[in-house]
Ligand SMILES: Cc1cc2nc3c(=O)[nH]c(=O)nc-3n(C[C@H](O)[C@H](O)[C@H](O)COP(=O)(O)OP(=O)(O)OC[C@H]3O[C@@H](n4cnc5c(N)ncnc54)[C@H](O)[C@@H]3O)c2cc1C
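Here you get one chain, nothing else, as structure tokens; it is the form predicted on its own.
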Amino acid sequence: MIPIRLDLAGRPVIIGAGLAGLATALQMAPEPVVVLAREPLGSGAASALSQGGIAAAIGADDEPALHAADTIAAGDGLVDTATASRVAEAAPAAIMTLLRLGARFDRDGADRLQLGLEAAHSRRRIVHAEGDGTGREIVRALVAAVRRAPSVTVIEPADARRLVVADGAIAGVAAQGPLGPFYIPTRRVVIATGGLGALYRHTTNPLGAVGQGLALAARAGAALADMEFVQFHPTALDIGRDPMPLVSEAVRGEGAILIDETGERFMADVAGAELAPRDVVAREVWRRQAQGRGVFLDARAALGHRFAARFPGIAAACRAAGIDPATAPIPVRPAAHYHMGGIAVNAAGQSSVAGLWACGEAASTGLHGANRLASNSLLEAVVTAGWVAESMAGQPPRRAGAWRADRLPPAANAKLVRGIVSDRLGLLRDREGLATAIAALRPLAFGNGPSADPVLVGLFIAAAALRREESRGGHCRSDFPNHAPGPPRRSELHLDELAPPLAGAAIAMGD
């Protein structure tokens, strides 16, 4: 029988220890909470890999309404405008919160926060740290704060394997810990497990980012929203590493250009050029490479020998591969980077299952629509963590029942799914490929093997993509290249719509 952690019973449990999870834990203080960290704190989270920065309208020529407008424009018709306004309004305070927690952001000669420019932003509003080390610095500060917080119990490493549901509400979390399996009875759980980029062959995400939190929520009965919208970063460093190092959008913000192997600047005639929305730039890069062309980011004229000082992390990754970005173009390719969809939540971060919240990349708040605006991800994680903490604090602890099981499901393994997802659910999709993916994924998703949870997440992406008979933002179909007529609509799916025998009828709705 799996041991019950009675010493932790009733405490809120936060699954995930990236920026969203740590921020939630800190903002729950002084109430005792439990954080399940899949890897030692500070490692394994995509937050720490974020280079570009965190967006906030704090410049003299800026205001939250402009930030919200840029967010809405980038989201290609699907942004929840109320959420965009609310997040943009909260952004300056979020920066102050991070400063109070010890984050050290870059400053100019007058000791003001230095602001960068990224794609689809109308103002310089990107706060960054160590040039291209923003996520690393923020996570460092939050880890230190969590280590000091007496209200936070961290179990590391701990891999959540199942959410237990009783009478339609969360009753507990079953996990694998450093000393074996354990069960925490609780009525309050937050999923902050990040994204799903590692379901793809080419990704900038940690290899543990296989959508495990989404699978946990779906198997507990929660609705998942906008699963078809996967953002591919157009400039991952193409040197054969897995995951791929990121070449931040901020490099293009400083004037770097995209060229092919002949030296042609192929984005020059595209609206916005290199600073067009990410989905536009990524598809242009992909098209060139599909023609057998090499693609490079050329920062020689824009930055030259200043490159290493402005972007030390990127420069180091390039040098390790024998590339000097001051004197040579950087080889790049698109890679799965961010998921706009996730667990459907309301304005308080609550899912459709009582007692289950989500924040950060694992949640679908409607902020990003069909295409995330650069540097809104770290911002969303900090802001929505506060909303979730406030909502959970307003829910009094309730007694949770025991759970009896002899063993846990196996650890997730995405090896079997990466090929299918990459080939059929990538930058360009069509009905035949999506139907092929669904046929291959469905039997595995409802099995008991280690691939079941990652495969289930891939199945949700494929089903949602098949239903959406249009191209919009990060979802592009060759057989439906334009927007669908009528008002844009968000998508939503439940597990029982995909499980045989109902799945055939549900998925065929677009016929």
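In case it trips you up, residue 1 is the first one in the sequence shown, and so on. Worth saying up front: this structure is predicted, and the values here are computed from it rather than measured.
Keep in mind that the form predicted in complex with the ligand is not shown, yet the notes after this line are about it.
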Checklist entry - Since the chain is shown here on its own, which stretch among 283-291, 96-104, 202-210, 262-270 would lie within 4.5 Å of the ligand in the model of the complex, judged by heavy atoms? => result 202-210
Next on the checklist: Which residue, Leu49, Ala57, Leu26, Leu444, is the contact with the ligand in the model of the complex, using a 4.5 Å heavy atom cutoff?
Outcome noted: Leu49
Next on the checklist: Please identify the residue among Gly349, Gly360, Gly75, Gly341 with any heavy atom within 4.5 Å of the ligand in the model of the complex.
Outcome noted: Gly360
Item to check | Heavy atom of each of Gly16, His337 and Asn376 within 4.5 Å of the ligand in the model of the complex | outcome: yes
Item to check | the ligand contact at Arg38 in the model of the complex, heavy atom, 4.5 Å | outcome: yes
Next on the checklist: Using a 4.5 angstroms cut-off on non-hydrogen atoms, would Asp159 count as touching the ligand in the model of the complex?
Outcome noted: yes
Checklist entry - For Leu246, is any heavy atom within 4.5 Å of the ligand in the model of the complex, or not? => result yes
Checklist entry - Does Leu459 make contact with the ligand in the model of the complex, using a 4.5 Å heavy atom cut-off? => result no
